[in-house]
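Just the one chain here, the form predicted on its own, laid out as C-alpha cells.
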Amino acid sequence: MVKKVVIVGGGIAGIYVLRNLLARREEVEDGLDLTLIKRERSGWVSTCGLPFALRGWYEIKRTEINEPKFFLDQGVDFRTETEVTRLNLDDRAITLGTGEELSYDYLVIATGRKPSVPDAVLKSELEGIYTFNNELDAEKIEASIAGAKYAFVRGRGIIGLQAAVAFATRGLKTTVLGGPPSLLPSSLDPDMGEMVKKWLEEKHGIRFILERKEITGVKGDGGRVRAVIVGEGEEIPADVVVIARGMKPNVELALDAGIETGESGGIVTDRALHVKRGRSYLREVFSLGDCTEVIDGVTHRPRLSQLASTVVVQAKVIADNIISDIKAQPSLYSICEPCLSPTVAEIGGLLVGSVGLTTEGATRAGIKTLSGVATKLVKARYFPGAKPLTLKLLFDAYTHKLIGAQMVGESTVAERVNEMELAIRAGMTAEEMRNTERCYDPSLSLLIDVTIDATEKAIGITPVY
C-alpha cells in the first residue's frame, strides 16, 4: 500500500525532507504519496540570500531555487498559500483552512519561526514597518527603499545586521537598536562583537544603540512611518523599519495537538526526531528546523539551533527513519547527534564565524573556561590579499578540551569554523591542538597559524612569532 507523507511547512526544513524523500522514493516498493503545505506562494526559496538581494547584488526572484511546478511535475501535492489549522494526531489527519482533511501515515512538522514584535509596533497600522522572515517581507522592504532617506532596524543578530548593511549600501542613514553589551551575542563574546560594531560604524556609517531600551512608539505622516520613539522619548527618523529580533519557534499547531515543547520553547523530540505527546514519542510524527528543540553538543542541555546547516542533517535523519519504518529495516535507522551550530556570515564585507559555546553560554552551563585571542595575517605579509584574522578559542578549564571558537576577518572564516567544529567533536585538547601539524605555503597560509597563537595564549604559553 502507498504510504502518505504530509509535510507542514515549506521553508528549508520542509523542502529538504521532501528532497530527501523524493531521492529515495524508488526504495519503497509501493511508492510514496508526498504532500507539502506552505503559507507562502513560492517553491523553494533561499531565505539566507534575501539580504544580499536587498543590497542589489541580484533580484529577489533569483533566490527561488525551485518553483512549485518543479515539485508538482514530480508528482508531489505541493500546496502553496495554504493554511493548516489543526493536527489530529489520533486520527492521523490534518485540517486545512478550507475545511479539507488530509490523512497521513507519516507527518513532518516544519512550521519554522516567527519574529518577536514590540507592542508599540504591533499596535501600529502605519506603512513601512516590516519583519524579515521570507521573500514576501523582502519584496515589501525593497519597495519601501525607493525614496526613503532613513532606516531603522530592531535586532543585532545576523538578519538584522545584514538588513542594516543593505540599507546603508543603498544610501539610507541607518540606525540599529540592540541590547547591551554587544552585537551577535549568541555567537560572539563582547570583545569580538565590538570588532563587528566598529567595522560597520567606520565602513558603513551605521549608528548603534546598544542599551536597555525598547521601541515605545512610532510616528507617521500620511499613513506611513516617519520616526521611531526609543526609550523615554528619543525620536529617530525612519522611513522604513525592520523588526529582526527574538525569532521564536512557531509551535501553536503542535501545542494545540498536545505535542510537548521544552524549556527553549521548541518542540521536544527524541534522537530520531519523533515528537513527544504525554509519556510517549510518536513513531509516525516528526519535527525539525526552527520550531524544534535540539541538544547542545557541549552542555548536553536543550536549546534552539535555527540554522540551515542544522536542518540539512535533521532532514536526512527523518527521511532515513521514514524509509526504515516503511521497509521494516532497522539498519536504515538514523539519529541526530547533539548540535554545535557552526555559523558563518558575511556582514558588510566582514566575515564572522563561530561554533560551540560563547563565554556567557559556558558560564550559564557552569563551565569554567580558559580563553585565548590572537590576530594574525592569513598568509605571508608580502603576498597580495594578506588580510588579518582575529580568532578566539575557549577551552574547558578542567579538561582543556576545546568548547568554542569565534573568528572575525575578511577571509578563510568558513573553512576554519568547520575545522573547529571537528576539533570540538573529537574532544581535542589545547595541548593536542598546539602540537598538530598544519599545512604551509606562504601564498596560502602561515607557518605558525593564528590557531596556534590563540591556543598557546589560552594555556599561558607565550607564542613564538
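In case it trips you up, residue 1 is the first one in the sequence shown, and so on. Everything quoted here is computed from the prediction, not taken from an experiment.
Omitted from view is the form predicted in complex with another copy of the chain, to which the following refers.
Colleague: To verify the annotation, which of these, C339, V373, L126, L377, has a non-hydrogen atom within 4.5 Å of another copy of the chain in the model of the complex?
Modeller: Filtering the options by heavy-atom distance leaves C339.
Colleague: Answer with yes or no whether E421 is in contact with another copy of the chain in the model of the complex, where contact means some heavy atom within 4.5 Å.
Modeller: Although another copy of the chain is absent here, E421 would touch it in the model of the complex, with heavy atoms inside 4.5 Å.
Colleague: Would E135 count as a contact of another copy of the chain in the model of the complex, using a 4.5 angstroms cut-off between non-hydrogen atoms?
Modeller: Although another copy of the chain is absent here, E135 would stay clear of it in the model of the complex, with no heavy atoms inside 4.5 Å.
Colleague: Is there any non-hydrogen atom of T174 lying within 4.5 Å of another copy of the chain in the model of the complex?
Modeller: Taking the distances in the model of the complex, the answer for T174 is no, it never comes within 4.5 Å of another copy of the chain.
Colleague: Would you classify V218 as touching another copy of the chain in the model of the complex, given a 4.5 Å non-hydrogen atom cut-off?
Modeller: Because no heavy atom of V218 falls inside 4.5 Å of another copy of the chain in the model of the complex, the answer is no.
Colleague: Which one, 219-227, 201-209, 315-323, 102-110, holds residues whose non-hydrogen atoms are within 4.5 Å of another copy of the chain in the model of the complex?
Modeller: Result for this chain: 315-323.
Colleague: Among S182, T358 and T363, does every residue place a heavy atom within 4.5 Å of another copy of the chain in the model of the complex?
Modeller: Not a single listed residue reaches another copy of the chain in the model of the complex, so no.
Colleague: Heavy atom within 4.5 Å of another copy of the chain in the model of the complex: which residues of 1-39 qualify?
Modeller: The stretch 1-39, when checked against another copy of the chain in the model of the complex, contributes I12, Y16, R19, N20, A23, R24 at the 4.5 Å heavy-atom cut-off.
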